[in-house]
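Only one chain is given next, in structure tokens, and it is the form predicted on its own.
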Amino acid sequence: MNSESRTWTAALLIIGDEILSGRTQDKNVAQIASWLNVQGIRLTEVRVVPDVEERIVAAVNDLRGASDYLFTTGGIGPTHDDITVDAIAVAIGVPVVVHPDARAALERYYETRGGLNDARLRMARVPEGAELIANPVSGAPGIRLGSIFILAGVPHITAGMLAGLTGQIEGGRPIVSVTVGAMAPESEVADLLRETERANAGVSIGSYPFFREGRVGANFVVRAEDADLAQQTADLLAASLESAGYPAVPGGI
């Protein structure tokens, strides 16, 4: 099958008590979703779980069977509550081992930073059979185990790992988005949106409302794998909004 003739999907599992408590605001969903889109992969589900092994195991086993790829963020640092590696190893049914290349990378990184102690060595542990994902920002690498990608939770480190994965995993055609804005309440144009989407196979239209200067409006985002189709549908939507009495703004409001 041609890789561009099917839809490739991914799920994202965010791991960490600090996300659920609100102490840390997650910034990885947007950057991972955007990166996946460029790879031609659609993010179809995001789940957040605490640093509890059985919860991580259950989520991993659920999500990895529902999408082509599973990405996880968080829980791969040097402290006692960084249990992502252990939990994923349990989910897959393999032991945890120290990866020699990960250990060597950490030894180099910490050579002038106090050396490699037991806590730091925890970041060299991987599920048996895993490969490493390069980390150009700090010493600890990410981990790939088949279709599972185990990334850091710190956004700028996550970004560095994603950069190293660019072009390395199979996907389809990137999704193209074209935005049309209008001072149109969603409830008044819902049928118009539905009809436009139905009339253009391969297109999805998302609606994102806002309130401005005492009026309600929305940005309508037309998404498709074909750039021409996305633009043509957006143009058709803009014309339909105009006809319905809602002047459209290409590019959004």
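On a predicted model such as this, the values are computed, not experimentally measured, just so you know. Don't overthink the numbering: it's just position in the shown sequence, from 1.
Omitted from view is the form predicted together with another copy of the chain, to which the following refers.
**Student:** Can you work out whether Ser21 and another copy of the chain are in contact in the model of the complex, taking contact to mean some heavy atom pair no more than 4.5 Å apart?
**Tutor:** Yes - in the model of the complex, heavy atoms of Ser21 and another copy of the chain come within 4.5 Å of each other.
**Student:** Asn61: heavy atom within 4.5 Å of another copy of the chain in the model of the complex?
**Tutor:** Answer no; every heavy atom of Asn61 is more than 4.5 Å from another copy of the chain in the model of the complex.
**Student:** Thr166: heavy atom within 4.5 Å of another copy of the chain in the model of the complex?
**Tutor:** No, Thr166 is distant from the partner.
**Student:** For Asp26, is any heavy atom within 4.5 Å of another copy of the chain in the model of the complex, or not?
**Tutor:** Yes, Asp26 sits close enough to another copy of the chain in the model of the complex that at least one of its heavy atoms falls within 4.5 Å.
**Student:** Does the trio Ala30, Pro78 and Tyr110 actually contact another copy of the chain in the model of the complex, every residue with a heavy atom within 4.5 Å?
**Tutor:** Checked in the model of the complex: all three residues contact another copy of the chain.
**Student:** Heavy atom within 4.5 Å of another copy of the chain in the model of the complex: which residues of 218-239 qualify?
**Tutor:** In sequence order, Asn219, Val221, Arg223 come within 4.5 Å of the partner.
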